[in-house]
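Okay, here we've got a single chain as structure tokens, the form predicted on its own, with questions on binding and movement later.
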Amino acid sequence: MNKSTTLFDDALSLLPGGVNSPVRAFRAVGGSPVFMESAAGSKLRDVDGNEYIDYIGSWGPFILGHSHPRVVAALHAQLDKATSFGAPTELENLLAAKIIDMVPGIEMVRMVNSGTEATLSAIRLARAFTRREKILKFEGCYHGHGDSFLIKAGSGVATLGLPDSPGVTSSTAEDTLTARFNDIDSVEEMVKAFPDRIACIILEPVVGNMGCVPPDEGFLEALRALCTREGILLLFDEVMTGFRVAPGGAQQRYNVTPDLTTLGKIIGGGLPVGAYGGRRDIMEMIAPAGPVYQAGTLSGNPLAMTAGLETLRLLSGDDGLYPLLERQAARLADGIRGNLDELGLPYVSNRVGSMLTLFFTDKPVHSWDEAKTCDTELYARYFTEMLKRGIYLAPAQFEAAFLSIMHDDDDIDRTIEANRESLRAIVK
């Protein structure tokens, strides 16, 4: 028995399901999870000494790769000063200014500790600003584990096949409306059914939590026009896409500016962090400037601010990084498509920048209805074969893969070859 298996057996008696986040348990792909010990660049090393090319990147934050020297050096310098103050620091100002400079829709920002906290806070703010109670989300989109967001959610909820989570009250469910991603008519129907009652429409502008699903041409623009017309706030959840698909996130890539934006992952450089921001007139309703209360003991933690600031400085200071990511991701996607075409397997390959997903289905994936037609058993076999060959993918069909600037040509070539061997193994 290897050390990972032993550790998981121990964890089962200590943690619910043996993990601190459900998808890590490998329930969707079988077997037991791999316990990691170290990471550098594009590689992970587990407790048994096995090395993997990593396409999770801690679920998105490590766009610079693991343990980037400048980020690590900055963290060491901050550790020598303090780990937390519970008081303001210049670092908070510097990171806030950097975010405001890079993200088109943000004029003011509030730091929090997770993406879930950011989306919960932004929803409360939207309700207060509009004096409306209902929100509209999209089937298959995941915005954290807040009660309102577990209605027809994606990510681990979809992976585990869970219905709307127990503990979510009926009144919360009644105030959460759902529509189909990339279907503006389904949104219009809800707006007509609940006139002047919807506070905000929240969405991942590029969905990453039912796998990577880009917006159809004109969809985001149609949402923007509808929200402006109806007095509804448009909220982009860019926890995943922020600084990932473009320096200014999906709103820059698609040239559609929301009223509110939530962020996480990359803005902490791998440390726990979240943020929400938007128009100044909306954000000034947050306490102590306004009446909407939200607070956090570790909000603006100096370690998270340090790692995030150094990460954003690196991303904004080198014009070649995003073209590199685009080029490497395209080469990987093209190689995988070539292998699949050669074997005649049905598939869909979706990609936006350095986010991508291989879906085992013969239907174009534009929404949750199509994503859930995927052959999840085939994906589980594929995942296992790739893991055997040193490629670490998300242990679930309904997740995105992420590249970093440290994924070099050798990594891409090795991954394409592992993909070819894995596909041949599962079609025998």
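Note that residue numbering follows the sequence shown and begins at 1. Remember, predicted model here, so these are calculated numbers, not experimental data.
The same protein also has a form predicted together with a small molecule, omitted here; what follows describes it.
- Residue heavy atoms within 4.5 Å of the small molecule in the model of the complex occur in exactly one stretch of 80-88, 204-212, 327-335, 168-176, and that stretch is 204-212.
- Proximity to the small molecule in the model of the complex, defined as a heavy atom within 4.5 Å, singles out one entry of Trp368, Tyr382, Tyr52, Trp59, which is Trp59.
- The single contact residue among Met240, Ala275, Ala250, Ala122, judged by any heavy atom lying within 4.5 Å of the small molecule in the model of the complex, is Met240.
- Looking at the small molecule in the model of the complex, residues Val23, Gly115 and Lys265 each place a heavy atom within 4.5 Å of it.
- Residue contact with the small molecule in the model of the complex: Gly353 places no heavy atom within 4.5 Å of it.
- Though the partner is left out of this view, His143 does reach within 4.5 Å of the small molecule in the model of the complex, counting heavy atoms only.
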